[in-house]
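Consider the single chain below, provided in structure tokens and representing the form predicted alone.
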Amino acid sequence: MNALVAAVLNWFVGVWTAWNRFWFQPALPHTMAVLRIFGGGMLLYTQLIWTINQGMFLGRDSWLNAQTALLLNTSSDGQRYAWSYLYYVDSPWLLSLLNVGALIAFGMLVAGWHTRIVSILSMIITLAYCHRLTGALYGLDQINAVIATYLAVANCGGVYSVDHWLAKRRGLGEIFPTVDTNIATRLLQLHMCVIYLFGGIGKARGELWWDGSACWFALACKEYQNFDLTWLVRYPWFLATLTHITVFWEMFYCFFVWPKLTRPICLGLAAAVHLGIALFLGMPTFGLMMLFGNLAFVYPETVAAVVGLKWLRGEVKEPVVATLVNDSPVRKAKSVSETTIEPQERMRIVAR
């Protein structure tokens, strides 16, 4: 009986330890910093489009004026949970001022200047524009809002930023792993899994995804065509294979993206699907933003090695492990997993 109780207690302790490690193990900022640059760049681009076409999107005579947007975001019982300061602004010069302010905030986010403040401002601005432009949005704007939210949580300016450059000039440029970065990364990872799971379930409800013709109809639709790929109709087996792989990958992304063995395959398929959407289906911004979201599953150490061109100089894995083994208590270990390396030690390794 005591052995049974001990086994159960050990199981709970293991679960609790894994839970804490999943959410609260400090993480380096490199992945979220790259996501800040790419995602912030897309926010800047989107805002530029809205600013150039301010009259159509936000003006008094816009496609959907502020009062209509307000009604669309109000439930039948009069409750409203979507707020935007743009509901109350229709003056052209004031709208221009707000648009320029948003462009400056997104530009500062990309540069990583006063990152903590502008990342929160960027999230508020993004949500405000999304709520005001209800009815004129599509998937890109939703992913923009998702990534802006998690950038506001993470220490995304800890590296590759003006803030880090200024800190180094003051002798304070050490790169530290932080808990908030890990929480933001985990939330984004889970969010991507939910997006793909429901996307896959939605596809599975359509007959075209079962009979293998969905990709053909997408490629044949002139509304989406960047290139004429209708010659692929001669190869129905290829189109059916593409269709079934796509829906299978999307349905099971949330399972296969976590194990190290299947993660590269899962992310490789994500790259193929979203680059295909970007190149062939006329939605480059949406395709790229979904790719940026998948960056959440790339280890910060890998990002640091790629950005620092360590892979090109052959300094990615073996030299790092050799140095660590010589300097740490795990001298006799045959291999060093990431869970045996203290976060501060990993930070020093990456910084080399």
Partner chain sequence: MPDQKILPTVVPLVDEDPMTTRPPSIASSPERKLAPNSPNFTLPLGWRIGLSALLLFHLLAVFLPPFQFACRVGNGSSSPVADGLVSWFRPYIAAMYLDHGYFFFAPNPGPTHLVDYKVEFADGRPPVTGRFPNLAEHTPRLKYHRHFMISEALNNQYEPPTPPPEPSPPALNAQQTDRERKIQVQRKEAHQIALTEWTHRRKQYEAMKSSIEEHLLKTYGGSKVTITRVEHRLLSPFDVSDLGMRPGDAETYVNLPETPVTTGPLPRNLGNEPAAGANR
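If you're wondering where the values come from, they're calculated on a predicted model, not measured in any experiment. Positions refer to the first chain, counted from 1. Definition used throughout: the rigid core is the maximal C-alpha set that superposes within 1.5 Å between two forms.
Heads up, the form predicted together with the partner chain isn't pictured, but that's what we're talking about next.
Checked against the partner chain in the predicted complex, the candidates P259, G171, G101, G135 yield a single residue with a heavy atom inside 4.5 Å, and that residue is G135.
Between the options K203, H244, H114, R263, the residue in contact with the partner chain in the predicted complex by a heavy atom within 4.5 angstroms is K203. Contact check for L64: a non-hydrogen atom falls within 4.5 Å of the partner chain in the predicted complex. The closest heavy atom approach of T149 to the partner chain in the predicted complex falls within 4.5 Å. Although the partner is absent here, T46 is a contact residue: one of its heavy atoms lies within 4.5 angstroms of the partner chain in the predicted complex.
Heavy atoms of Y224 reach within 4.5 Å of the partner chain in the predicted complex, making it an interface residue. Per the 4.5 Å heavy atom criterion, the partner chain in the predicted complex is contacted by stretch 274 to 282, the sole one of 89 to 97, 161 to 169, 274 to 282, 106 to 114.
Using a 4.5 Å cut-off on any heavy atom, none of the residues of 239 to 268 reaches the partner chain in the predicted complex.
Once both forms are fitted on their rigid core, the CA atom of F22 lies less than 2 Å apart between this form and the one not shown.
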